[in-house]
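What follows is a single chain, given as structure tokens, in the form predicted on its own.
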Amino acid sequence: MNKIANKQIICDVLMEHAKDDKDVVVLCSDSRGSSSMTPFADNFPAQFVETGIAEQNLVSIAAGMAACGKKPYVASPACFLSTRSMEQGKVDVAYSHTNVKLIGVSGGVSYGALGMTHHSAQDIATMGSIPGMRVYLPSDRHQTRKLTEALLADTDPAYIRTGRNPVEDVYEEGNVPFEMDKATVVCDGTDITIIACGEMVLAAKQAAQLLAAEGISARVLDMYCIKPLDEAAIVKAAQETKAIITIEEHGPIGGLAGLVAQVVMTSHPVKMAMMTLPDAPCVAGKSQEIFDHYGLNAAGIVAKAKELV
């Protein structure tokens, strides 16, 4: 079982680059521990900024540093970063087109028992609605490394959501298919397509294996790139399979489901099912307990697939 969280991989990659590039800086809102950025702060104190619990200032300071030529990476809990500082993300980062990467850590329901105040089941909707803001939800540590490397190479604003705890690998080390802003085909199939993002990709992969044992061929798309959305992959799936299921650790409004449905509706309508968290405060508990409660797991996907095919 993997013991390295996606957020730790981001820190590792940033540290590797910060050795030679003094413009790489990290900013935290009293969150260096929860965002796994303590090693960066300890090793590169001159390239680290601590704002305290002030998420709005955090993002604006990062935008100012970017305007001066720095490459700021903001790490803060997703539940606060995507709501308290949405205006700063909209104006200072996206509208001003500053090279700021916003890293929302402990996203979705990964704060578990802390409940509604700390869950971020609306961040795809909030950050994705901002013109000029890209949105990414990597599925495992290997894809997270690829994505972080790619983001270091560009100068456009982005929001990246990661969970709190380590997750099982979707991909094998040394064999990680990755193309920037293109969905990854985890496995191919002809009967049904499962489109997932973030931690739900593993459940989708597991469901495809269970469905194969029952004679149902499932294609799994890892749609880590929520915005820009890989519309071509969605259209291809609609044309080549009989139905589409979307699954995400997000509420039903403004997330992956709605984005995929818009593409399907206007290009090649097929039967669809959308698996999301409810449009209500989620129950409290460990991530997997919450997923199981709402059927956001391999068994739930299998049951939904059987209804469609």
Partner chain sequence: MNLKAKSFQIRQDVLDMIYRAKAGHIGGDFSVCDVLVTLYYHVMNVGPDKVNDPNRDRFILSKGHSVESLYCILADCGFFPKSDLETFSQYNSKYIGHPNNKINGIEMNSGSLGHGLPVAVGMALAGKMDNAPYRVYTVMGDGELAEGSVWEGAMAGGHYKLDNLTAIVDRNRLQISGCTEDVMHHDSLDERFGSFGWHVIHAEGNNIDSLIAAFDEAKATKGMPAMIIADTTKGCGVSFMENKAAWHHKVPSAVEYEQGMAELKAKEAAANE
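Everything numeric here is computed off the predicted structure, so don't read it as measured data. Residue numbers count along the first chain shown, from 1.
Note that the form predicted together with the partner chain isn't included here; everything after this is about it.
- Residue contact with the partner chain in the model of the complex: P177 places no heavy atom within 4.5 Å of it.
- A residue is said to contact a partner when one of its heavy atoms sits within 4.5 Å of a partner heavy atom; E289 meets this definition for the partner chain in the model of the complex.
- When contacts are judged by a 4.5 Å heavy atom cut-off, C68 does not count as touching the partner chain in the model of the complex.
- In the model of the complex, the partner chain sits beyond 4.5 Å of every heavy atom of K271.
- Contact annotation: of the candidates A41, A243, A261, A284, the single residue with a non-hydrogen atom within 4.5 angstroms of the partner chain in the model of the complex is A284.
- A single residue from the set T155, T190, T117, Q239 has any heavy atom within 4.5 angstroms of the partner chain in the model of the complex; that residue is T117.
- Of the stretches 127-135, 179-187, 202-210, 78-86, only 78-86 has residues with a heavy atom within 4.5 Å of the partner chain in the model of the complex.
- Looking at 40-69, the residues that come within 4.5 Å of the partner chain in the model of the complex, counting any heavy atom, are E50, T51, G52, I53, A54, E55.
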